[in-house]
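Shown below, as structure tokens, is a lone chain in the form predicted on its own; questions about how it binds or moves come after it.
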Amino acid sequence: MLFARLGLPHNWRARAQYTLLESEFGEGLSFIRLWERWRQEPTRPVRLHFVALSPSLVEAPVLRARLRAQTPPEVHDLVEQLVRQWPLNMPGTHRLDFEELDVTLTLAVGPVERTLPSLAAAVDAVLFSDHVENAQGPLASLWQKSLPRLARDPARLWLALADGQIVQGCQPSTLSSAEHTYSVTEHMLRQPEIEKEQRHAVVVGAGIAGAGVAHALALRGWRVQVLDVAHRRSQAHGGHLAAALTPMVTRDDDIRARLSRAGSLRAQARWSHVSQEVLWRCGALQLERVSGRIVDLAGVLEGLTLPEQWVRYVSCAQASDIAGLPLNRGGLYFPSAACIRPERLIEALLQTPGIECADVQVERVEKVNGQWQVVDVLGEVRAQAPQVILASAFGTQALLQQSERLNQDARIAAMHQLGGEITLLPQQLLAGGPRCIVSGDGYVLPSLDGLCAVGSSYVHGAQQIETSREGVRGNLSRAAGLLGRPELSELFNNGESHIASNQACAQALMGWAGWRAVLPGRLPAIGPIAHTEGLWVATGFASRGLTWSSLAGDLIAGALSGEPLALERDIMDKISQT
């Protein structure tokens, strides 16, 4: 019955992509049945994308029990695959990948009046439930307004109604002329289909942003060349022992909080293959502040529909028990937060089949006969491809300028860089170090190789950045405040190191210094350069490179591969303004 209502297999025969929107996901039975049929059908589309709305999500064991009770044993393996990836009940967009990314499930969780307008997808068919089909008033108006925008081709959109009726095509859009203005998000969703032999891209930049984009493209079968200067990459990440992958929350769950949550979830899903020597979940505490801008962290969670498995408030005693060290205040605890070795993670991502790296100092890019040519400082063309992604942090601005592609009114034109230092403290100075990430005004990471990373400073207006006594002193002060150990601040006195005299602790002078590329509003720039086909950027990640890297990769690679985007439209409209 489901397949007849959707006009299958005729409507998806020999397509590269087929995208279905279901008005209510329910228990996921339609998804399981369609996925099973896709596996069996010889004329199936290459890739199947299933998008669904859901006001909330049941817990994974409940989902398993309900689906197993309604499906035959031969599809229980599909049920188990779904359950293994099933997300927590949190608002926003959740992306699940199956069949080596040939089958995707995009769940938009929350009230329909929020999720439907926020969908970033171009769909071929809509599967309606009784509740939506019989809707009147604002809900009916919302669907009538949304369908023309969501349709890949409004004249051919297949509407499968709950009573078995079928409608092909939808009424012309009732959107106002103001809503028809140029949208970068729409441009990303409606990229021309790229033939398999044309799936070749060059990524400029081999840091965390470039590695995230290259990895996402390679997973989708693209051939990717990554260009960067080897010594610059080693300078950027060498000595960066460990970093934290932590989400954030705000009282009103604003765009930065939602983007942080989406990025953390994508990173955890995309990087699940790396070893625990590279990434390990240890949890993170965000402690209450005792000075400066004090925020009632317990009050922040009030009104937010976030499960305790994601974040919860803990008392001082509970925080101390989690950290394994005596702390003097409580705060928020994120159980899924992780520590990462950045350099090793980047190496692991760039070793994905389909990626090749080259030591090239890129000067500019230029378009010749439909291909983007990447030119080095000697004027030689070092690579060319239909798609180029610039992911060189602050250097992206100069590349666009030298390529005569920088609009002075664009966000990237206002990008600047801030320096920052991390100090590595011997774990014995911190009673072995905390068991989890401890943050607030700065952070202290768990011990790795006998050292705890403590950070971090913000240096404005620096022409060059390197580790310094001033930076060490500031980081020691931050650690002292977080851990309630004022004696740490006394390790430096009048510029003289008290610990340098102790050979076992001399490593405390070690550290790492680097740059952050920062855009106004602290939101990244991820998307195409406006009105320029085939040139993309992933930059301005500030202090959240690890959080946004894999999400940026999936947004760009997903757009180039014809997928629904794994993020809400209102956030995309902000970050895609490059």
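Don't overthink the numbering: it's just position in the shown sequence, from 1. Keep in mind it's a predicted model, so treat the numbers as computed, not measured.
There is also a form predicted together with a small molecule; it is not shown, and the following applies to it.
In the predicted bound form, at least one heavy atom of Ile422 sits within 4.5 Å of a heavy atom of the small molecule. Within this chain, His240 lines the site of the small molecule in the predicted bound form, having a heavy atom no more than 4.5 Å away.
Contact annotation for Leu53: none of its heavy atoms lies within 4.5 Å of the small molecule in the predicted bound form. The closest non-hydrogen atom of Gly395 lies within 4.5 Å of the small molecule in the predicted bound form. Only one of Val126, Leu349, Val444, Ala244 comes within 4.5 Å of the small molecule in the predicted bound form through a heavy atom, and that residue is Ala244. The partner is not drawn, yet in the predicted bound form one stretch among 272-280, 96-104, 151-159, 358-366 has residues with heavy atoms inside 4.5 Å of the small molecule: 358-366.
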